[in-house]
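Below you'll find only one chain, the form predicted on its own, shown as structure tokens.
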Amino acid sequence: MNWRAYQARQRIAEVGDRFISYVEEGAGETVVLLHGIPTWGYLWHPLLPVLGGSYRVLIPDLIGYGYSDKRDGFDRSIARQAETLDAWMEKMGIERTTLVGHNAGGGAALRLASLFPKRIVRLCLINSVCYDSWPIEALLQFGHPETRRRVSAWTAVLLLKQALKMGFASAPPDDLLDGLLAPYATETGKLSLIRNAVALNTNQTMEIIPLLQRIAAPTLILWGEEDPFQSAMYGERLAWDIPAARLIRIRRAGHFAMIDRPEEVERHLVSFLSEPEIEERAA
């Protein structure tokens, strides 16, 4: 599926004074997939056909990302993302869900699972930001306010493409990279992504460390071993700190494991989703 076909499937939900664009497909138990920076919901398109056949799959663009609200002048931190997602799930009639997060979306998922544990049936983290593993140097530089004035949208996308290529174990096709960065190829998109980069805050994953032990939901941690941005040691630490967690390393996969090894990620995720909930196990 190309990014234009994916974007054509998106719907819009108003959340307070902002709006979220999202894709919804399938019926049954709810699964919410969260992307990170600098991508958008299109990141998950390889998994949509299989998951959508058995589950109600929802893929939102975080505020400030993709085709969600990109107006200037609001907080895009993972703390605010988690709060907004909680309100969005309420609006979508989602009482409890399996939450799958990647990169900064994984950081938002960790905050949701720590602060709103009753919301989460299962948690899956894929090469997620956590602890003090982030932000990476390239995004710190991109988030400088002068980037807005010194770098055009075209140049920004070109630079981001080169940075993204490092996150794959095998060279990704250009059309995939173009699709992942399509929402940011305008001056409005560029500025929004700069604001998103400015909002990256290590403190917001550090402050929840004491709360990780509160996450009672079964937790699957999938980690591409060749990730140059988020070391697998952070996945190991999460597996130690979250009581019901287990770590699976994905060989020959980088930061974008769901694209490098889609069939393997899909197999582990489908198996995880088929496991009984904790209440059922206790019974």
Partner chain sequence: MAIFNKTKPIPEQEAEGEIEQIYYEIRQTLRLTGVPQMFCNWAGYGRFLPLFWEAFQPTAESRAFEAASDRLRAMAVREAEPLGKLDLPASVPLGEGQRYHLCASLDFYHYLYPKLLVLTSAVRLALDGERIGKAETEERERIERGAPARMIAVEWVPEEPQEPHLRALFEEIKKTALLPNVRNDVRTLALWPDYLIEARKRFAPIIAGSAYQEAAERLYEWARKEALDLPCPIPLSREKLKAAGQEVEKVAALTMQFEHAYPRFILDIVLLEREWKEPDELISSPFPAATRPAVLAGGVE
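Fair warning: this is a prediction, and the values are worked out from it, not measured in the lab. Numbering follows the first chain given and starts at 1.
Unshown form predicted together with its partner chain; subsequent notes refer to it.
- Contact with its partner chain in the predicted complex, defined as a heavy atom within 4.5 Å, holds for exactly one of 132, 137, 207, 187, namely 187.
- Proximity to its partner chain in the predicted complex holds for all of 11, 21 and 154, with the criterion being a heavy atom within 4.5 Å.
- Only one listed stretch (63 to 71, 248 to 256, 222 to 230, 35 to 43) carries heavy atoms within 4.5 Å of its partner chain in the predicted complex, and that stretch is 63 to 71.
- Looking at residue 144, you'd find every heavy atom of it more than 4.5 angstroms from its partner chain in the predicted complex.
- In the predicted complex, no heavy atom of residue 165 sits within 4.5 Å of its partner chain.
- Taking the partner from the other structure, its partner chain in the predicted complex has no heavy atom within 4.5 Å of any heavy atom of residue 118.
- Its partner chain in the predicted complex comes within 4.5 Å of no heavy atom belonging to residue 179.
- Residues of 136 to 156 that come within 4.5 Å of its partner chain in the predicted complex, judged by any heavy atom, are 148, 149, 154 in sequence order.
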